[in-house]
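Next up: just one chain, as structure tokens, the form predicted on its own.
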Amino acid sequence: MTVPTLAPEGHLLIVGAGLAGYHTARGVRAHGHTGPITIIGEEHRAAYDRPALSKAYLTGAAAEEDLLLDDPEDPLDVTWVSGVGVVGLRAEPLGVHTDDGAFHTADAVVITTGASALSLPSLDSSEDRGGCAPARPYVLRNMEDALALRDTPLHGADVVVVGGGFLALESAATCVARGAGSVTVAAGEEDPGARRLGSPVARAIRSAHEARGIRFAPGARAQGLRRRPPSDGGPHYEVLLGDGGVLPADIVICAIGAEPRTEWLLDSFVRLCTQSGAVLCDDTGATSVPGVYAAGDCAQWASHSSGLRPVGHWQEAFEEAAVVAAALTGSDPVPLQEPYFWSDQFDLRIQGVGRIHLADDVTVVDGTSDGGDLLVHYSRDGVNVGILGINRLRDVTRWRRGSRIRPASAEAPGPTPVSA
């Protein structure tokens, strides 16, 4: 046990009603906190899980209530403040300002504001637009984004998906399932994911998508989006590539990453990473301001800064919430498991465990790149640091159970970082 940051009857304020925010509140309650908890969320919705937005929710197989994090029959004992944005943090007295003019005080604050989707720039001139708004692609960061795309007819449409990560590839697979006439992926590399996951995995993913009719653009990155002149007929938009290529499209989906939602902290004493803008934390989630913690996609923990752990995975946000909850209440430190991620694309379940991002060698252990059954090991300096399997649940589960779990405080010991 350690000295708690938050007294048992103290007021906890959580800014952000997503995965990390919800599970921080849940963890604090599980550790016996009896004081008030307030969760401020910008959306006019209950807290929900996001992975299905590019898959089951987008196809209509899952409804909004299927994604809810809270159990309506046993709701979490918190006060929800929905539809309100935060505009500033004050250290003394501790609290946050919201865009409705209110100031919410607290004994401790946890920042879990997540990230905003990056998008392609519009390359339209005012003449090209002909009085219309600049061309904008669809993105998939929240439920409103998913609703906009779900309500758009895709049958027979020419779709271009910009991005080579799992969100982009899941979206491409979903568009095929919804009857798109054609789907082209502009991944920015010949084989999507090769730089992150290695060539064997990237080739396997590309092979599976091509077998289902998805085309891949040359490896040049997309530079922007513009409208086609109405007189030309055919697709309404063009995605311009860095090599001069042009991809015509009726619908453009952009999944090229995200940036932390921390602009409201620029005038505060909370230290931010100068490159990403993420909140700098130690490996308990503590920031440079006493009583203020951060977790999830808006936070860069010391183990992220040192390269020991990746950023942006669902599992990372979930586990960070548990670590923060323990630190706030003075409970025993919660261990962080080996990093884990997954993706469902067509009939492929892709799962990765370990420090894959640190590997200097990728070895195919079993299966083939075109067989939908690939198993690869990742090594660094001859030591196995991770595993990835495609439809290899048993192998991945076995490796995950046998991997070493480290206490959160042991990941990257040292004081709270104060600079980028």
Partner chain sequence: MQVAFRACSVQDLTAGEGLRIDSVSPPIAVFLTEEGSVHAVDDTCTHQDASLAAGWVEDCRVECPLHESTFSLLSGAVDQPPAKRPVRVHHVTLHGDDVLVELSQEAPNLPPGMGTV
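Positions refer to the first chain, counted from 1. Note that this is a predicted model, so its numbers are computed, not measured.
What follows is about the form predicted in complex with the partner chain, which we do not show.
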Is the gap between D243 and the partner chain in the model of the complex 4.5 Å or less for some heavy atom pair?
no
Taking the shortest heavy atom distance, is A177 within 4.5 Å of the partner chain in the model of the complex?
yes
In the model of the complex, is there a heavy atom of the partner chain that lies within 4.5 Å of any heavy atom of K55, even though the partner is absent here?
yes
Closest heavy atom of R150 to the partner chain in the model of the complex, within 4.5 Å or not?
no
Among 342-350, 106-114, 298-306, 279-287, which stretch sits within 4.5 Å of the partner chain in the model of the complex, heavy atoms only?
342-350
The partner chain isn't shown here, but in the model of the complex which of D70, E43, D370, D361 has a heavy atom within 4.5 Å of it?
D70
Looking at the partner chain in the model of the complex, is some heavy atom of each of L118, E210 and F216 within 4.5 Å of it?
no
Go through 293-315 residue by residue and record those having a heavy atom within 4.5 Å of the partner chain in the model of the complex; state none if no residue qualifies.
W314, Q315
